[in-house]
Structure formats: structure tokens, C-alpha cells
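Here's a solo chain for you in C-alpha cells, the form predicted alone.
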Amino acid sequence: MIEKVRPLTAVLPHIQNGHTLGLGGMTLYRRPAAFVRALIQQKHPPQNLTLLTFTAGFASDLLIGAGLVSTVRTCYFGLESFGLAPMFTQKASTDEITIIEESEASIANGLRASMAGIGFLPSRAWQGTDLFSVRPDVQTVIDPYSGERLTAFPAISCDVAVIHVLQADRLGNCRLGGNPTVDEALAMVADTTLITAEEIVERLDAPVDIPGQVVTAVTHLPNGAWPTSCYPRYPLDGEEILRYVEMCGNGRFDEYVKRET
């Protein structure tokens, strides 16, 4: 029964140079955009981060553009119907970042392995594909019961996970508001789990999506996912996403992240 509510300035220092940073949400839905912007705008933001996210979108592209990320682990990086993620595309094409090839199966199974406290999880995924040529670290095992060759997806964890939620209480219990993606697993495997919340209440009744026991701190950040959506509070702001793409295309990324929202 520990009070978990903290101001944004108190939680930003949890992310240090060289950390693996996990971002919650999915593509352009419920991304911790306000937190990411604040992280970038620090006087000395963390460097050489490994970005881990199931799918990467707007918030991830901000981190890439600001030069905080050296390595990316995701199965998708883009802005859906708004096209390519401009800063990721730019830096990937000039080999300024390292990309660890992932798929939905490799990330999901890797997180589940970490949750189970084991080194890998076997799966039929990737069998018959060329993905092993770009991921020599991923091994295969023989099922001792069937003799079938399976992919041994290594466990995945992260130093810090940042997840934006619809509602949280003062003890850290959270409701995601639908479409949980892998956020529940991400919160479980992270050494430090930071929550930004649209609303903070005294106490949430069951059921909850993320239990307070795995949460390090909760910060009240209304509209914290904007311009991505946070159902049912607010929809995606397509005009703002287009503004971002246009400004990046004109070499004005720094101006975009520094401007008032």
C-alpha cells in the first residue's frame, strides 16, 4: 500500500544513458508522447538508448529525431496512413541507428519468456523464413516429445517501461481503456515501470489491467498521448501528425519538439 503518484520532474531521471526503454501503446494509439517530449527537452537527456516497442510510431520517431536512440527493436516503425516515420527513415537510411529485426512473434514470445523467468520460449514462428540470417542470436531447439524443430525466442526485458493509461489510482493500479497490446507484459518485465495517466483516482476497483505492485511511479498527464489517440477520451489528431511530417520534411524537427503544444 505505497503512494505511487510523482511529478514528471521526479520520474524523468529514472531513464539513464544506455538504458533499454520500452514504450507502451500501439502505432498511433495511446503513446506516451508528452513524456517523450519532456524527456527530450531536458538539459541533459539520456543518450544511447535501446528503444523497445511492439510497434513504433510518433513518440518513437521523436526520440529518434532527437538523437537519443542508438538501437531499435520493433516489428513496425511508421505512421500508418500518414506514411513513413520521417526521422526513423532518415537515420535508418544513413545507418545512424542499429535495427534489431523483430516480428510480432519474437517480441511477444520474448516478453512471455521473461515473465516466466526462463531464457527462451519455443515457437513454430520463423520456421521456413530467412529471418535467422539477420538474427543469428536466435537459435532453434528440438522438441523432445515430437522431434519437431522450433524457434527458441530469447527472453526480452527492459530497464524502464513508460506506459500511458486511461486511468490510474494512487497505488499504481491502472486501466488501459481497451486495446492493451503488450503493455501488461511490458510492465511486468521492466525493472522500472513509469505510468502517465489521463486521470488519477483514489482507488480503482477490480478488474485492473496493470497491478500497482509492478508500477514504480504514476504521473498525472492529461492529454499525455496527444496527438495520438486515447480512446475514449480523444481521437487521433491527424492534422498535427501531418504538421509533424511536413516540418520534418523541411528540416524543422528541432523547431517542432521545442515549440509549445
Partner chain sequence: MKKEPAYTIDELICTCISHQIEDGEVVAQGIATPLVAAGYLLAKLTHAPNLTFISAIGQSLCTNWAPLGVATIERLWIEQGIVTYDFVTAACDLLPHFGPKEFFRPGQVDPFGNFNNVFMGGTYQHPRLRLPGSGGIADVTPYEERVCLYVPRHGRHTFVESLDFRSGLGHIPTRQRGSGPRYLVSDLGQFDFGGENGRMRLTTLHPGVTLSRLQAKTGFPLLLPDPLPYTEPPTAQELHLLRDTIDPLGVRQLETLRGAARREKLRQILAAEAGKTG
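These numbers come from a predicted model, not from an experiment. Residue numbers count along the first chain shown, from 1.
Omitted here: the form predicted together with the partner chain. The next part is about that form.
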Within 4.5 Å of the partner chain in the predicted complex, heavy atom basis, the matching stretch of 154-162, 187-195, 167-175, 102-110 is 102-110
Triplet Cys75, Arg124 and Pro235 all within 4.5 Å of the partner chain in the predicted complex via a heavy atom | yes
Would you please decide whether Ile40 lies within 4.5 angstroms of the partner chain in the predicted complex, comparing each non-hydrogen atom pair?
-> no
Please run the contact check for Gly119 against the partner chain in the predicted complex: heavy atoms, 4.5 angstroms, yes or no?
-> no
Verify the contact flag for Met87: yes if a non-hydrogen atom of it lies within 4.5 Å of a non-hydrogen atom of the partner chain in the predicted complex, no if not.
-> no
Applying a 4.5 Å heavy atom distance criterion, does Cys248 contact the partner chain in the predicted complex?
-> no
Contacts with the partner chain in the predicted complex - residues in 178-194 whose heavy atoms fall within 4.5 Å = Gly178, Asn179, Pro180, Thr181, Val182, Glu184, Ala185
